[in-house]
Every structure is written in C-alpha cells, then in structure tokens.
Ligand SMILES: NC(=O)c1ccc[n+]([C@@H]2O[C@H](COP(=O)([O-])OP(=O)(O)OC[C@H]3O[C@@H](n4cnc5c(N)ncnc54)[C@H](O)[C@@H]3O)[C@@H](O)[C@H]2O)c1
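Only one chain comes next, encoded as structure tokens, the form predicted alone.
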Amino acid sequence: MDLNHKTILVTGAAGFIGANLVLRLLKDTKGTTIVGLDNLNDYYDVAIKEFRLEQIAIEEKKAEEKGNRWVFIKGSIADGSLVQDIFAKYQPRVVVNLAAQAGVRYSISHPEEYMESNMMGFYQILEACRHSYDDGKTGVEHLVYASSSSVYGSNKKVPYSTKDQVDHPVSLYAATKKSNELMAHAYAKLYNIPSTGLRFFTVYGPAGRPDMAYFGFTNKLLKGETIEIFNYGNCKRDFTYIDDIVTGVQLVMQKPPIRENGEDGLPIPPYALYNIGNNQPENLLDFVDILQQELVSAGVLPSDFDFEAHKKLVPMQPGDVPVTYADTTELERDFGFKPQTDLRRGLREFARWYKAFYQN
C-alpha cells in the first residue's frame, strides 16, 4: 500500500511511539493527511507529551511544501461519539491505534483505567472501522494496533514466538492486550477488516516514557537516590530503540493482510500478528551499567559518580517477568527488517536528550 495521498489516523499521537511515527510519516510521505488523537492524560509528565507535539509542529512546517497536513484532536478513544465524528469527517484509510493505558504495575492499582482505554477504547476503534464500509464506501484499508510483549506472561520458552500459547497473563495490562488481539481477529473475520497487531518489546529512546526503568533510573540517580534492580539483576529485556520500532510500524502499515475467501465462500480473516523486538536480550545489570556510563558522558551525572553505592538488588515485582525475548523471524521474512540499533547508541541518544530537556 502506498501511504502517499492517504488519510492516516494515529491514536495516542502524543505518546512515545505515536509521536515518533507521526514525525516519520511527515518526513517520508507526500500529500498525506495525518490525524492525531490523544487525551493528553497525566499518567506521566504532560510536558514530555507537549514537547513531542512541538516537534511535530516543527516538522509539519517543513512538510507543508509536500502537501502534508497534520490535524491534532484532544480526546479519548473511549469516547464513541468523538471517534465516530473523526471517521465521518476525515474518512481515514489507515488507522494506527497506539492509544492505551500502559504499564504493568499501574494496572494493579488502577484497573478501571485499563478497562476504559484498552478495552472500551479499542472497541470504539473497531466499530468505527466496521462502519467505515457502510453504503459501499472503501473504508479502512488497514488497521494496525499495538499489542505488547507482556502477553507472553511467564512463558518459559524463549525466544517468544507469536505461535506460542498466551492464555495465562500475569497482569491486567497483559490481559487487555491479549483481548485486543482476540477482538481484532473477530472483527477481521466478521467484517473483513485487514488488521495487524504488533507486540512491542521494551521500547526506549529520547523523550520516552518516564515510567520505564531506564528513565526512572536516571531520575533517581540524578537525585542521589538508590535504584532497585529487580530479580537481583537476573532480568533480561529485549530493549528496542524507538527508531527501529517506528520503521517496523511503517513497513507493516504498507502491507495489509490480503482479503480472500475460503472454501466455504466466507472471508478468511485478513489478520496478522508480529513481534517487534531487538532479538537480543540484555541483562538488566549490564543495561544500567551502560546507562550510567552514557549519563556521565552526556554530563547528566558527574564524572566521579559512585554508581555502586546507588544500586540495590531486590526480588521480582508482582506482574513482572524475568525474561522478554522476541522471535522476529516472521517480521524478517515478510518485511526483510530486523532492528539494528545497539544498546549503547540508543542510551547515548537518550542521555543527550535528557541533558538538553531537563538540564540545559
């Protein structure tokens, strides 16, 4: 699918992945209208979301000569009337649903927010996609939506494959993301909506989410506080740099699952599911060691900073898992793509951004 001269709806457009996707689309497409929807909630520092929107506004000015247009709407995907109005007015051909209440631990104390955004919100998006075909209209040609590596729960087999059973989530957040996959499959079958789910693995980078470990570690180290490293440092994570994630999303957007009928004459669900991860898990102790080195190099921490005095090894937290590790075979097979950014380079970019955003 050619994304040029299309209308693309990106929900969660002020979020980490959403904002970076919008920036990439403004740079890479022509004659494209990008509609962004985000409720700008205060789950984390809204100033970071505002910074991302400012970056988009700057890029929009550069992209005007290519006929690109950026429209931002503040609101929630759980607001059915608003979602229906957006679809009626802009008639998006591609929908990228990245809006969701994120965070494993937060879901333990605030379950209602996950039910509203991740369940009811995604339902509203699916319904709007369904009715985009009313009266013989072309409607939505591809729905791409965010799932999560959290759906794998406490699976012992690694690397995680999309063919693995994921019926035993260990957090409500994971349960909502697995539910999204099931809902999308049902709508793909019933209404022939080409849909692709993406299981993201620990996304990091500049202007990322402050609730992620690398960001929280940085804040604490800067204050002279002690950071807690879970599972006594025996956790491994498939850290994936934001630029790699966006490249993967962009490639997937251009290749909707094919609509075709089975032997019974009924549609075969045009549905796909991919992991997007670095396929190279990193030990958490090594991760924080590289992080503190890059924070020192960027001038965030002093050169004589005593890292050993500011770390503490603690047990695993409820809802967390010891290892996340993506099998990206299918992504490589279908798109010839595999994330390439190494951990040191990615953390270096984050450290430089942190210095510029918070300390300059």
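All figures in this text were calculated on a predicted structure; none of them were measured in a lab. The first residue of the shown sequence is 1; numbering continues from there.
There is another form of this protein, the form predicted in complex with this ligand, and it is not shown here; the text below is about that form.
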property	result
Among 247-255, 142-150, 126-134, 181-189, the region lying within 4.5 Å of this ligand in the predicted bound form by heavy atom distance	142-150
Answer option from T162, S107, N155, T202, heavy atom within 4.5 Å of this ligand in the predicted bound form	T202
Among the candidates S297, Q317, T329, N41, the residue which, in the predicted bound form, approaches this ligand to within 4.5 Å (heavy atoms)	N41
Touches this ligand in the predicted bound form: L347 (any heavy atom, 4.5 Å)	no
is_contact(T196, this ligand) in the predicted bound form, heavy atom dist at most 4.5 Å	no
Close approach of K311 to this ligand in the predicted bound form, 4.5 Å, heavy atom	no
Partner contact for P339 in the predicted bound form: this ligand, 4.5 angstroms, heavy atom	no
Members of 248-271 lying within 4.5 angstroms of this ligand, judged by heavy atom, in the predicted bound form	none
